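The chain that follows stands alone, in the form predicted alone, written as structure tokens.
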């Protein structure tokens, strides 16, 4: 067992697990789920919180974020689920996407009230709180996996989660309007919140989900440790957009595992903007059957002393699969960016076609970026490539704009927007593209450029 006595949160986590195990709520879960919790918790106690001695956290030192005391949100000692708390309505207004026709629902610290705006849900899609799903014998199997390896925060979530969102799309159902899930994190005390989300998209079904992450500002610290598992069945298509615009004082650790079956398509777009002190995105796409296709796009814009870390894994397990990954970063002021992307090609994954690229624009002399693209290939008939660039403004482009009467600061702002365009143009919905571009412009005042 890892001893971390200097971290009050470690002791709080141990006590929280004991309280959850003794609660009536946990007693209503299946024996397999309780065993999975125990396995995950034993693993976390062995691993502890990550340090820079762990290879996956080599460039992301979280010690300074663990110094405060945190309470565990959502751990209850009686039967029944925690309910959605009150929250500032302005946060939802901030996350709303103008002109987007969608189904909107709000989760507050992982809890969902059951309300959906934008009209009644169509046939073929089913939404349920995880608090209810984990106690349903027909659904609990989705939470009984303990396959989180050495993922520190994923094992912690698997042991202690109590709520979140369960999405199921029936085979053959095509949900025409996107689902806009707004995650609101708010508290009057320092809390660790651990939502768990499971999506099951049936055979030949189609689903688009946009997740917006917002938080209240103030003196309190909010640590959101989220775990999502997305199951994309044969011939299914999933579009997934994540927009992170949380306030200072927030720490976001988000682990997502995507499991793809034959001839499925998964598109992910992750946008991280200034605000949260720490953002760590762990995204793993596991291409478990042949002829699957995966696209991962990311844009991170860091400012202040913000630390943004994107870790991705594209796991090619079977032949005739295609993956494409493009992540771009803009580093302002004293911010730090980390990108670690791995493409892993198994011996059976012949005829794999995989591409990975990470480009970074470092604006300030005090900003830093650590980029580590990786290829690990055990098949001999593949087409794989990767690359990484770190640079500053093109003097030629700046001269071109200034020669046409554009001031230096405004010219730099235009070049940043152009740099980001390669990612935003990939978005499926024009309203979302416009919204993201406006956010980028808002966070690049000429004073930064």
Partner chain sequence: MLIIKNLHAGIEGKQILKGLNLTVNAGEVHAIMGPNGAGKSSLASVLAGRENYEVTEGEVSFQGKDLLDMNPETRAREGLFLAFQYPIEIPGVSNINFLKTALGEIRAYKNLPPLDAKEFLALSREKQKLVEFDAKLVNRSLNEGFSGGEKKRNEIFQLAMLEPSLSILDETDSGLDIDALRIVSKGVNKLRSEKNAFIIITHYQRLLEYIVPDFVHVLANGRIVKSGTKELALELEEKGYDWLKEEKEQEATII
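Values in this document were obtained by computation on a predicted structure and should not be read as measured data. Positions refer to the first chain, counted from 1.
Another form, the form predicted in complex with its partner chain, is not on view; read the next lines as being about it.
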item	value
Stretch in contact in the predicted bound form with its partner chain, which is absent here, among 376-384, 407-415, 61-69, 34-42 (heavy atoms within 4.5 Å)	407-415
Answer option from 51, 402, 388, 28, heavy atom within 4.5 Å of its partner chain in the predicted bound form	402
Non-hydrogen atom contact residue 396 with its partner chain in the predicted bound form at 4.5 angstroms	yes
